[in-house]
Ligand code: NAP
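The chain that follows stands alone, in the form predicted on its own, written as structure tokens.
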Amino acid sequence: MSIASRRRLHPLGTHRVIDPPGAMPQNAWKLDNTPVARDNEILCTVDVLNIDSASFKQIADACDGDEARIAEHVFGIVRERGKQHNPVTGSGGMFIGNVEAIGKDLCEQVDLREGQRIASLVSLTLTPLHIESIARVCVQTGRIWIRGKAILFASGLWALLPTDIDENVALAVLDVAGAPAQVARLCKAGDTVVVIGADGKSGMLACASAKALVGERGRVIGVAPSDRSAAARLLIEHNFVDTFLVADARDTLALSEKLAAIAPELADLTINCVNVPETELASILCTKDGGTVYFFSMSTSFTAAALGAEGVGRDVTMIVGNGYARGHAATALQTLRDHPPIHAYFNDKYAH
């Protein structure tokens, strides 16, 4: 009998924690990834992992972009920890799979049946995962095709895959579903909004969402290291941004000075969507006193953000990039549907 099966079943999955005792599944070092559904769990077969951008970049850089080495690296993390929880970045990703079994205690509680195809909406950092084999790695998109199984807890979030959107595209969108949903909460008409990392998945959706909300009196400014990428060109050509700034957000003064030159009053809202560290202070300096910084990036150091704001005397509200907001999956997918140029871009990049 496994360690987990001897513990009281808990809706948050604490019965799967092996090490350290008393930890929650997300911050635990190791989970029991036995691929059998307990009475309060859902067992899924897994086809595709979507590793979050910060985590995949770190792994790919450590493996010199070699697909075989990336596969073995991920295999090693899961073998050691029972979950895909990058020990360097602390982040994970999500999966696509089919429901294989539903624990008897959940059968009447969830609107789900065996065989349905779903995407997980909780991080792989708290998802017990068992990998049998890895078939393919896509370095460009951070996706990994596997044969494996995963456990969703009673508290776990999931979404049925839509029928009108390619499932690989849906996976890419759902991975960053929190961004457009939170932007919709934070933006208002007339705002100046700065999106740092505008040319990534979350950045593009954030720009589209913000542009639809700020109205004619508002302004959306996209920031990325280059304006020559397909994503940057799309944002500019289809007016999803009013201005596109070419800047490296790790160069704090350079970015903040460029922003101040075109928007002297600075941003009402700054959205950080980058996948590299050391961009906290630039985000803060782009934001006016009384404004808001939304750190969606999993590369964010909240120590650096808090002490940085204190050090430069900037009174801003800083929001942790919660990947969940009520209805966020539907909001993100609808954002894609509402903006055909972005939908076409996602199809070109992810629908394969």
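The first residue of the shown sequence is 1; numbering continues from there. Note that the structure is a prediction, hence the values are computed from the model and not measured.
Another form, the form predicted in complex with the named molecule, is not on view; read the next lines as being about it.
None of 316, 54, 42, 31 but one reaches within 4.5 angstroms of the named molecule in the predicted complex through a heavy atom, and that residue is 54. Distance criterion of 4.5 Å from any heavy atom to the named molecule in the predicted complex singles out 200 from the list 200, 97, 180, 128. Using a 4.5 Å cutoff between non-hydrogen atoms, residue 273 counts as a contact of the named molecule in the predicted complex. A residue is said to contact a partner when one of its heavy atoms sits within 4.5 Å of a partner heavy atom; residue 299 meets this definition for the named molecule in the predicted complex. Taking non-hydrogen atoms only, residue 27 never approaches the named molecule to within 4.5 angstroms in the predicted complex. In the predicted complex, residue 323 approaches the named molecule with a heavy atom inside 4.5 Å. The stretch from 149-157, 242-250, 163-171, 112-120 that comes within 4.5 Å of the named molecule in the predicted complex, counting heavy atoms only, is 242-250. Taking the named molecule as positioned in the predicted complex, none of the residues of 137-171 brings a heavy atom within 4.5 Å of it.
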